[in-house]
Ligand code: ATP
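Next up is one chain by itself, shown in structure tokens, the form predicted on its own.
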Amino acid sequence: MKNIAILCSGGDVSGMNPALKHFVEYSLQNGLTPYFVYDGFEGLIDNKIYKAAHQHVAGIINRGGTIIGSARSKRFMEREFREIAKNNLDALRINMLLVLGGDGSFRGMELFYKEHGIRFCGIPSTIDNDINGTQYCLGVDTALNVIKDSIDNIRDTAASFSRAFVIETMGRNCGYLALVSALCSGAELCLIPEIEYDLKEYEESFKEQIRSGRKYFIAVVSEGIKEESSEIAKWFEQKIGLESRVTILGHTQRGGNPTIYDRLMAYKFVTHAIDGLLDDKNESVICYSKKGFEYKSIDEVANKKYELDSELLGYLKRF
């Protein structure tokens, strides 16, 4: 069969639309008929599967989010609904599927393949960058640039009012976004779930910096740390003596115009994913590391806990 489909699962990221554009173009170049599955695994079940062509992806490369929608599907975890999904794909003679998502999505597809033989390749797509086996997930660079712009803007106000600002990033239990943003934005404090901290250890140093002329502080914290951001702001006021504010960046980090790097990575991820399926790699995730692109099994990706790069953690010591 020469039919291939793509879907987005879980949280959207900037980079999905560039991936969809190249999916259509590269599929057609390889003699494949591309299909879009709308609304993730829910769309597989509800038969929201439609043939895609150049006209459907014209002008989308600069748009954040995903034009085909995304979702989290509890129904897909039940055998009866996976059977429905299989029948819908069979009706269109589709037996190859690209999945843009995270480890939960890949586990679902592994089960689908073992039950029904639908070949797939996963493309790691989450701004949290917390998927084991890959050093980069689609959407991360755009999210980092959104955070960078926000911190740079907040710094102007922090300096003008002599305040401490606590800026909270996304990441669940992974501190990647907070750590990289703090390093690249010159923050004075960075707190992430991976490293235990005691605010008392910072008090004398921060007070000395104020005595030496420092007027403001920027603290970047991950949402997964042990304390609320408001508690960190209260600490700045009560122990350091600076008026403080909290900014929770929230879902602003998931949207926005995809960066050049995310557009390029979308192109590369999709190319390798389709090439892998055409080369009989039937149940894999395409991962990226310093070695380049590699096809990895679901066990390597979804069943092991992601750990932050030791080099990045080493940089945290300067805080």
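In case it trips you up, residue 1 is the first one in the sequence shown, and so on. Small disclaimer: the values here were computed from a predicted structure and weren't measured.
The next section is about a form of this same protein that is not shown, the form predicted in complex with the named molecule.
- Across the options 100 to 108, 240 to 248, 197 to 205, 147 to 155, residues that bring heavy atoms within 4.5 Å of the named molecule in the predicted bound form belong to 100 to 108.
- Checked against the named molecule in the predicted bound form, the candidates C184, A159, L92, M77 yield a single residue with a heavy atom inside 4.5 Å, and that residue is M77.
- Think of it this way: in the predicted bound form, the named molecule has a heavy atom of just one of N88, N132, S229, S73 within 4.5 Å, and the residue is S73.
- Although the named molecule is omitted here, in the predicted bound form none of K21, R63 and T169 has a heavy atom within 4.5 Å of it.
- Residue contact with the named molecule in the predicted bound form: T126 places a heavy atom within 4.5 Å of it.
- The closest non-hydrogen atom of N17 lies beyond 4.5 Å of the named molecule in the predicted bound form.
- With a 4.5 Å cutoff on heavy atoms, R82 counts as touching the named molecule in the predicted bound form.
- Although the partner is absent here, F269 lies well away from the named molecule in the predicted bound form, with no heavy atom inside 4.5 Å.
- Scanning 23 to 56 for heavy atoms within 4.5 Å of the named molecule in the predicted bound form gives just one residue, F41.
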